[in-house]
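Here we start with a single chain on its own, the form predicted on its own, put down as structure tokens.
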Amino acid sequence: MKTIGRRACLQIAFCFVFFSLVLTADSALAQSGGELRFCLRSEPKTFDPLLVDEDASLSIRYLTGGVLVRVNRHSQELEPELAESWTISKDGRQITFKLRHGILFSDGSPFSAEDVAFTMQRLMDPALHSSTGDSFRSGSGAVSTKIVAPDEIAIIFPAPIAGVDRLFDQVAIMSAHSPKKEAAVLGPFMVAEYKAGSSVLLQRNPNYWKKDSKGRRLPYLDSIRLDIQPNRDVEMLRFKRGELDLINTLDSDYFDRLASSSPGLAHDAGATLDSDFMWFNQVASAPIPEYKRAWFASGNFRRAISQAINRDDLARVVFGGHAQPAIGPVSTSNKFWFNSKLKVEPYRPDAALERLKADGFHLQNGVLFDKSGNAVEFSIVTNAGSKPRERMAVMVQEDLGKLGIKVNVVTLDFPSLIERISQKFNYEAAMLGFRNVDLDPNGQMNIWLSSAEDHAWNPQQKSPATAWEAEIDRLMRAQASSVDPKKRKESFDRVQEIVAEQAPFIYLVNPNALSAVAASVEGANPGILSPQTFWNAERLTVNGTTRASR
């Protein structure tokens, strides 16, 4: 009996050890996806998800912020996230979310409808000046919330918002009670360390709610290290050395070199929704001479500058053919919303000069003067470290030089540039770009409403400064409040036509989605919507460890 009992104990012990090893192995498999490494091109301006309006902060929000719904960057379909379902009222003024149960913030505090209400109230507070909130401003009046149950909330708008559910892709839910404020997150990763000027370290959110089809917790990655590196040469060198795992947006010359030496690592997903453009400062309080303010306020002047720029050369020379001449606010790759009646502004310097003459400008000894005898000269500011924009600025400088206009190109580090164009308004012209995440024009409310934060040429207007801006306000609100897709398109088509006529933004190119992904990264599927390479970061693995369920 003792022998039998001893054998039984040994068998039980062996089974226990084996079972423990299986559990340990499975746990390790589910919790060791390595560290993903890539660069931010500038210092993050904020970690507050409701105040995000530049690329570095946008990337961090995407990786850390939990949203009610998410636009799948590959399929472009809307998918449930923190909300398991939602309904929109027939009049388009109310959306009701049914929330998932048992979800915790990264600090362990529970998620409920109260957090959604808190987030929306804070988002829509005019004193916050949130560009994300601008997308929801379809009419005058306040946005209200009604907590139906701990897992159900209704959000009521003063006017209908077409496609309102897709807008919540950009709204990261904040905790109503956590003392950690924006550090308490619902996304797959959380900010663990921030070294100003150096790096941001994101670690796996231990309370992230998602699991894969085999029941293993996401994300697979242990961490993501984001080095702050504006220098593209250094970024590419580090990628080639294996110190970085991906480059989310790749300049065309680097792309061609990489495609030549390592074709499997270079990805061209085609034309993006993004655009690069320039604009003139029209802020009334800007510290610029009055006579220059008069130039910039003239639609004739802006259109002439647009006609004098050779966009085909920009796409061919600067981007090596990996870009398309831009037509307006909507890329041609946005099949439904693009106004097909519009064409690329043709390169016509002679017509540009005639247009300028209509405003009293004249050439004298190869120099262009205004009607008061002031030589036409202005500066374009752009972000240092962006070779495409630096090169485009130089080519624009050369094109306008043919009209007798002197252009000075000034490159600034990104934080200084943002401060100049959005706070101090101490600039004359700027060259930047917008990342368009959504196909729907409601995602551009924060650009086109005259009261909006990102109405770059003259932001935060108490009332529209011009009749055409007032008309754009009306049309944008009309398209946002209609539930008829045909009527919405008619309104937004007209917006695109006004933008072409008035040229508040002089659109230059729509770059292709060029990226680099190391062979050690598994699960990557680069696309045209931002973020192109890490949109599915929760399912990526590094160093050959594969466990994504697909």
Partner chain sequence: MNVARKLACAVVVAVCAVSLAANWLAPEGYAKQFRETPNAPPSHQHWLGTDDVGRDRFARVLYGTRISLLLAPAAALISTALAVLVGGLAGYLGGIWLRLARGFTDLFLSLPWLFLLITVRALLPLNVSPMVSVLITFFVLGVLGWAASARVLSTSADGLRNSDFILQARASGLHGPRLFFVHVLPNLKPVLYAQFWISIPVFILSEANLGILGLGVAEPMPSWGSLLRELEGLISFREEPWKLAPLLLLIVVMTSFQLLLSNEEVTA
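Numbering follows the first chain given and starts at 1. This is a predicted model, so every value here is computed, not measured.
Unshown form predicted together with the partner chain; subsequent notes refer to it.
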- [ ] Go through 401 to 409, 141 to 149, 178 to 186, 95 to 103 and give me the stretch that gets within 4.5 Å of the partner chain in the model of the complex, heavy atoms only.
- [x] 401 to 409
TODO: Heavy atom within 4.5 Å of the partner chain in the model of the complex: which of Arg391, Arg122, Arg225, Lys357 fits that? Just give me the one.
DONE: Arg391
Open item on the list: Only one of Ile156, Ala351, Leu342, Met395 gets a heavy atom within 4.5 Å of the partner chain in the model of the complex. Which one?
Closed with: Met395
Open item on the list: On the criterion of a non-hydrogen atom at 4.5 angstroms or closer, are Ile447, Leu449 and Phe505 all touching the partner chain in the model of the complex?
Closed with: no
Open item on the list: Taking the partner chain as it sits in the model of the complex, is Glu453 near enough to touch it, meaning that at least one heavy atom pair lies within 4.5 angstroms?
Closed with: no
TODO: Considering only heavy atoms, tell me if Glu77 and the partner chain come within 4.5 Å of each other in the model of the complex.
DONE: no
Open item on the list: Within 4.5 Å, heavy atoms only: does Asn207 come near the partner chain in the model of the complex?
Closed with: no
Open item on the list: in the model of the complex, is there a heavy atom of the partner chain that lies within 4.5 Å of any heavy atom of Asp413, even though the partner is absent here?
Closed with: yes
Task: Neighbours of the partner chain in the model of the complex among 368 to 390 [non-hydrogen atom within 4.5 angstroms] - done: Glu377, Phe378, Ser379, Val381, Ala384, Lys387, Glu390
